[in-house]
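Given as structure tokens, the chain that follows is alone and in the form predicted alone.
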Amino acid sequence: MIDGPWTPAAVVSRAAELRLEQALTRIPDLVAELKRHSALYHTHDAPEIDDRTYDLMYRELELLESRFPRLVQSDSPTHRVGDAPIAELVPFTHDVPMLSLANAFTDEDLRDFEVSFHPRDGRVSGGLRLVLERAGFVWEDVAPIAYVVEPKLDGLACELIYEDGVLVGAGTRGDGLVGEDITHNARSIRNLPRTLHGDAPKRISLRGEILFSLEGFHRMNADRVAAGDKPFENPRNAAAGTVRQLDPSLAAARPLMFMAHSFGACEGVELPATHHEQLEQFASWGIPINPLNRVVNGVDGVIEAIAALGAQRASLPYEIDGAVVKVDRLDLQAALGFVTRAPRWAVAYKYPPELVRTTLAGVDYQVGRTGVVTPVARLEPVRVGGVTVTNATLHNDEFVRVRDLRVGDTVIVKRAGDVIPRVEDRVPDDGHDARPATVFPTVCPECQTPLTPMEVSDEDGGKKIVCPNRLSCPAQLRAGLRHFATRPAMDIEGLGDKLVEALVDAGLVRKVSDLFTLDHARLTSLERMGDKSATNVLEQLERSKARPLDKALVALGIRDVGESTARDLSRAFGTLDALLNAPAERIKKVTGIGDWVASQLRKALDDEHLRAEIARLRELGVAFTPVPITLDLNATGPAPVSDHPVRGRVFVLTGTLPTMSRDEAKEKILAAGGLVKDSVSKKTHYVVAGEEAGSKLTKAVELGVPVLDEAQLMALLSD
């Protein structure tokens, strides 16, 4: 997982403030991570992050690509819809591509969707108002726009094909162009008619979601447990796995359901002129639609409907993760059209992470790779964000003490953007004071070494407590070995959790460098380690010796040196020796980290134990392969606000500039040390306005923010 945090405000701020040299690595990282998570979700049905986090990562990539158009990759997920189908099923080609939707997270996003003149999420070049007026509509004649607000079902997207009223085909969305043929299983869905009622069209492709009702899902899981089978983790993954079964009798035995939300193509009948009337037409043919769909007027009506739907969310008989907003009139939809990935006339609103209550059953203490000891809550099992949660982070000792968390308390849990469940707070109750207080241990639970606090507070406001026994603590060694073998580090395939445990327990590896002393005889002495597996591990270890400097730096597990920092360091210094001899000030200049972190990194690089380990790794053949120097050691980032007319100043761009795009204007401002933000506030120094500037210009005038045209901006930049 690349660095967060994943909140709307953090994403916008990070994308606006990132320097070009950072974007050179951040954009490829986001592309790779989004592609990986897309494959996990669409192809393997094994997501590691929630939808909201994925969408926020996607938004950051779009914002960065907007700022740095020359860095856009040809395989960027922003130019694709989903992932390729799995190989076991016959391909299903969509006559009309199944696109996904742009996202909104706040009421402001919804208002931007309608009337903003600033592009957001690739939805529109301006708001709906601007696009419609350019298409010849008079805003006063079409406003307030009628919208349909629908629950965003958390199921599997599917397309059904009916010919002359008979169900003849069904397919998953796949990559939006080609999915998997699941006709044999769709025919077994109980609420789905094989033949349409009334005057059916010659051919129609209906689109919707396949899902489980919660009651049916829990009943099915109870039956599985009674039969000695493992229960399914969540309804969405269970539905996705069920419809991909080759034996239709399995799908027929499970309580799947379908709800339609749109169509792709239609022949032989004229559909109504509004979206909500189309849905009613589908229902008249016997196709299930969602009874909570609502038609509302204007964005205020949309916001009210979304809030009302959110209030019902916990009591609904199926899972939803948001609401979908669509322009109701078909002629307006046609005028608004599409962008690469999504229709301009629709947006998906994502609800904030769900909060649930459960009982704190115990507190454990885990020792991480860097020695940090983290309290972990053991919980009475509870469903949060579509998964069953039994453990959650408690952050640090300060967090536990301030909230006075005790075993037996009722706690509030959420699954935030980090995917890891978090305990947010305690629910007061009369029995709390009678329960024993939670006391942080004074010695390491793994090696019994006395624990020590770090010098600074962590991001949650408390002191990190660490085990200083880095070389001999079994927990730190196991975590360090697992980290050493990961793909961002030395990428040693086969060195997984079980082998790491076996190597440490057998005493064959007492420090990371011991990995390169392993031989065939030692490996095969371990239980369940055969000749072929041992040979593969040794080959992988040998191959890893040539990893480039940035990968090897990550592998060393130095605190505060992640993938991005390691790349910056390696591209600035080129060789390990140059880095080992670099002063803290130069390290700070290259990476942009603060004084304290730079000094701690310098201190870590000087640690005699790390130096000895590096020397031993080199003796055993690890090359720390040098990389080309591509970062200027004399470069500086944006300076604090000073007398300089641009450096440190906050700019907002609006409207169409005469000779350059807003992306080009952004690049020029950022290159001069300025900052570019999306919204106007009292902290804005300048608004740069072109033709058809809208609400941002109005707000700038109201707040007294200086307004520049393109010529004045260029004059300011030349100064």
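Residue indices: 1-based, along the sequence shown. Every value quoted in this text rests on a predicted model; they were computed, and no experiment measured them.
The discussion below concerns the form predicted in complex with 2-(butylsulfanyl)adenosine (IVH), not included here.
Colleague: Using a 4.5 Å heavy atom cut-off, indicate which stretch of 522-530, 147-155, 469-477, 310-318 touches 2-(butylsulfanyl)adenosine (IVH) in the predicted complex.
Modeller: Looking at the partner contacts, the answer comes out as 147-155.
Colleague: Name the single residue among Cys447, Leu130, Ala502, Leu99 that comes within 4.5 Å of 2-(butylsulfanyl)adenosine (IVH) in the predicted complex, judging by heavy atoms.
Modeller: Looking at Cys447, Leu130, Ala502, Leu99 one by one, just Leu99 meets the 4.5 Å heavy-atom criterion.
Colleague: Can you work out which of Asp397, Asp109, Glu209, Asp550 has a heavy atom no more than 4.5 Å from 2-(butylsulfanyl)adenosine (IVH) in the predicted complex?
Modeller: Here the answer is residue option Glu209.
Colleague: Considering only heavy atoms, tell me if Ser681 and 2-(butylsulfanyl)adenosine (IVH) come within 4.5 Å of each other in the predicted complex.
Modeller: It does not: once 2-(butylsulfanyl)adenosine (IVH) is placed as it appears in the predicted complex, Ser681 has no heavy atom within 4.5 Å of it.
Colleague: Though only this chain appears here, would Lys326 touch 2-(butylsulfanyl)adenosine (IVH) in the predicted complex if you measure heavy atom gaps against 4.5 Å?
Modeller: Within the cut-off, so yes.
Colleague: Heavy atoms within 4.5 Å of 2-(butylsulfanyl)adenosine (IVH) in the predicted complex: does Gly494 have any?
Modeller: No, no contact at 4.5 Å.
Colleague: Look up in the predicted complex whether Arg422 has a non-hydrogen atom within 4.5 angstroms of 2-(butylsulfanyl)adenosine (IVH), and give yes or no.
Modeller: No, Arg422 stays farther than 4.5 Å from 2-(butylsulfanyl)adenosine (IVH) in the predicted complex.
Colleague: Can you name the residues of 173-188 that have a heavy atom within 4.5 Å of 2-(butylsulfanyl)adenosine (IVH) in the predicted complex?
Modeller: Heavy-atom contacts to 2-(butylsulfanyl)adenosine (IVH) in the predicted complex: only Arg173.
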